[in-house]
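Next up: a single chain in structure tokens, the form predicted alone.
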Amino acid sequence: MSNPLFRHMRKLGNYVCGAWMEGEAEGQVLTDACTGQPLAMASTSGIDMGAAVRHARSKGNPALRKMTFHERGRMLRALALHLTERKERYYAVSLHTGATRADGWIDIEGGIGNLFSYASLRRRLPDEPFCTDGDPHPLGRNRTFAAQHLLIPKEGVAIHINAFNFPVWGMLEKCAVNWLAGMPAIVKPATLTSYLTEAVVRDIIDSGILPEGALQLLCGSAGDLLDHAGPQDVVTFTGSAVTGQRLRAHPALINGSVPFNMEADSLNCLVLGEDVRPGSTDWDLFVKEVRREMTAKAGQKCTAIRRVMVPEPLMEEAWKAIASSLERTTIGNPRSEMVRMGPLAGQVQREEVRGQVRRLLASTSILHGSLDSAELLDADYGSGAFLCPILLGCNKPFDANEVHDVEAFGPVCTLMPYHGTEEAVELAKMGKGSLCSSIVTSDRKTASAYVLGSGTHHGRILILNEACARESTGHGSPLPLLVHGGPGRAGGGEEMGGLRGITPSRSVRCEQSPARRQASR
């Protein structure tokens, strides 16, 4: 018998094979992160995943492949302008996820910004459906025989399995890349916040800007979607390392040698340089960066700072300064202009973070915050998924495996001491690979030693100081024209990266004689 709760609850739509359809069975109930009130239900029950994949290959792929890079770029720009005109409605929906206006800006306008950035790359590409990769390579003494690498769109579909923390940016940063490359997409957002993704996709479909089959949406379980992946397809995943490794081992991906790009949550770190002194501009930058990374999106960012290395003599001053800054951060209902940090995305997420913090407490102590209470503005602690920022301290980081293994995906960070830059490098590397790291220093030798010493273990490293602070985008900002990803625990993948980003989606390469190539035009 159906649950009476579901009779009047809206079901999220799945856009598959050119039509909006609801799941056949009752699915997961999605709630407001602040109030706990039910919002909608998500289900993909009864959806033919194989048909969705075939539709992308037979409709979306041919339509995109015959377009030139310039046509695809103009398509992205038109779509970016269309979504920009409607962005206020996305901000309104984003509030349900617990995001403040500033949090929503990262997600919504960051995602739209990716469309604009990739649209502009058309000027660096030919007005053709394909492009050459590098210069010709003469292979004969008389230069009548040569080879040329070509980049041609694949004939499959890009399957995107995304995380809950960025329901707009997570979709658009990937789709911008594969649409410019000439491949359609099937987007499977994390169910928890899929209602925001659905709102954006409805506007995309209604615009008519994309050719049919270029975008399909699944709000709920992925079901047997990956069973239908093949050699011409691409699969991307953003989320936990555990889930990512499970998906990477899917038989269809292994048997078909399907490219799999993984961007996993990691134990990103920040190092305070030994040259920085309390009261200096660099010190203030350090405190501000830690506070911002702990509280933006309530710490629910894959790039958020999880570990902070501080020169041992400055440990006490550092934690007191950070704690003081956190105390001034207003927590509560994100609909209030006074609030600077909202709740986690849901009650389940809060319980998971609490569990991870308890694991970390085996080798740390709480310097600031509480697992069980928070001072809130215009919100009820019991109804919402609130958790105050928690700053932990670990005095013996070389003996504490937990701080380098356990990630609490929320407003949680661990402070630890080091002696000398070499120790800072070793501690950074104990995270087993991260998306990003930062060092606050104005000393060139310190910066150089840290970058060269730990660069193999991070996707990118920010050097932050007074000289660059005014223009710096900060520790946790993935930029469209730069590679986003990291080694080891971070997944070993690469996303975005400007022109580099489109290569994995269309990396069919062939070699031929220049004379033959000219004759074929």
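Because the structure is predicted, anything quoted here is derived from the model rather than measured. The first residue of the shown sequence is 1; numbering continues from there.
Below, we refer to the form predicted in complex with a small molecule, which is not included among the displayed structures.
When you look in the model of the complex, the only residue of A323, A146, A222, I209 with a non-hydrogen atom within 4.5 Å of the small molecule is A222. Contact with the small molecule in the model of the complex, defined as a heavy atom within 4.5 Å, holds for exactly one of R277, H419, R89, R246, namely R246. Remark: I152 does not count among the residues lining the small molecule in the model of the complex, judged by a heavy atom distance of 4.5 Å or less. The closest heavy atom approach of G239 to the small molecule in the model of the complex falls within 4.5 Å. At a distance threshold of 4.5 angstroms between non-hydrogen atoms, N261 is out of contact with the small molecule in the model of the complex.
Among residues of the shown chain, D265 is one whose heavy atoms approach the small molecule to within 4.5 Å in the model of the complex. Partner proximity in the model of the complex, defined as non-hydrogen atoms within 4.5 angstroms of the small molecule, places exactly one of 375-383, 186-194, 102-110, 138-146 at the interface: 186-194.
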